[in-house]
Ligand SMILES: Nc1ncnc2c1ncn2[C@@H]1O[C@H](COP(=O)(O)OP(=O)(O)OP(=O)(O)O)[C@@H](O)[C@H]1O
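Consider the single chain below, provided in structure tokens and representing the form predicted alone.
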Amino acid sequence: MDKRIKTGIPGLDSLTDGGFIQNCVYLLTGETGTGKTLFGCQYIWQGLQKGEKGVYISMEESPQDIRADALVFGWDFEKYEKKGLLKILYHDPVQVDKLGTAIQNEVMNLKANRLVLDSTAAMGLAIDDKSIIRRRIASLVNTVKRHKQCTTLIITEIPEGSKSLSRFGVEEFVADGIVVLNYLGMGDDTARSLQIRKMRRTGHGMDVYPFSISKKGVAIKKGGL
């Protein structure tokens, strides 16, 4: 039986047979401002509360900004960094060719249980050729899957107005599951919604689920839209 990893997102685990499957790679996608980084931080925080080690690699925000954003929700990442349970680092997207090695080293050295990569959209800043980016992303997925104890959340971005599920059109094919965040910009909680587009070896909810962002983070509301 597959071991399930609690996501830390209230309401999500009940829609995914108890959470993510250990050692799988999940894609979190959505347009700008939908709460993707917050979701990733909450996923890492959940692991820390269970004694699991985490690595957060950002190619957009600095570690200082990640810590500050998390602290708004009461998540003191720095405390866990000092204990050697968490590593937050910035990786320059210009050096994307070294990203796989960086992930390998950090996950292996920390013996991490959870990894967040935020986000693959930044790769486009350094590489114009989408075919190269696609090969790099596929290689990254293979790299993280070598660490059997680690469950990975890869964040990407949907271009505004696009009907695709990712920036480069490959992430959704190499990931084991896809969670899509939407925001209609209407100013209330019902404007935010979540869909589970794919979840291998999992009976998952097929509806569109409203979610809110409060001082406690992301939470899915009961019932679909």
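Don't overthink the numbering: it's just position in the shown sequence, from 1. On a predicted model such as this, the values are computed, not experimentally measured, just so you know.
Omitted from view is the form predicted together with this ligand, to which the following refers.
Asks: Tell me, which of Arg67, Arg192, Arg167, Lys53 has a heavy atom within 4.5 angstroms of this ligand in the model of the complex?
Replies: Exactly one listed residue reaches within 4.5 Å, namely Arg192.
Asks: Looking at the partner-bound form in the model of the complex, is Met108 within 4.5 Å of this ligand by any heavy atom?
Replies: No, Met108 stays farther than 4.5 Å from this ligand in the model of the complex.
Asks: Since only the chain is shown here, I'm wondering whether Ile213 would be in contact with this ligand in the model of the complex (any heavy atom pair within 4.5 Å).
Replies: Looking in the model of the complex, residue contacts with this ligand include Ile213, since a heavy atom lies within 4.5 Å.
Asks: Although the partner isn't part of this model, could you tell me whether Leu38 comes within 4.5 Å of this ligand in the model of the complex, counting any heavy atom of the residue?
Replies: Within the cut-off, so yes.
Asks: Mark Gly33 yes when one of its heavy atoms lies within 4.5 Å of a heavy atom of this ligand in the model of the complex, and no otherwise.
Replies: Although this ligand is absent here, Gly33 would touch it in the model of the complex, with heavy atoms inside 4.5 Å.
Asks: Heavy atoms within 4.5 Å of this ligand in the model of the complex: which stretch in 138 to 146, 123 to 131, 86 to 94, 67 to 75 meets that?
Replies: Contact criterion met by 67 to 75 only.
Asks: Within 49 to 69, which residues come within 4.5 Å of this ligand in the model of the complex, counting heavy atoms only?
Replies: If the 4.5 Å heavy-atom criterion is applied to this ligand in the model of the complex, 49 to 69 yields only Glu60.
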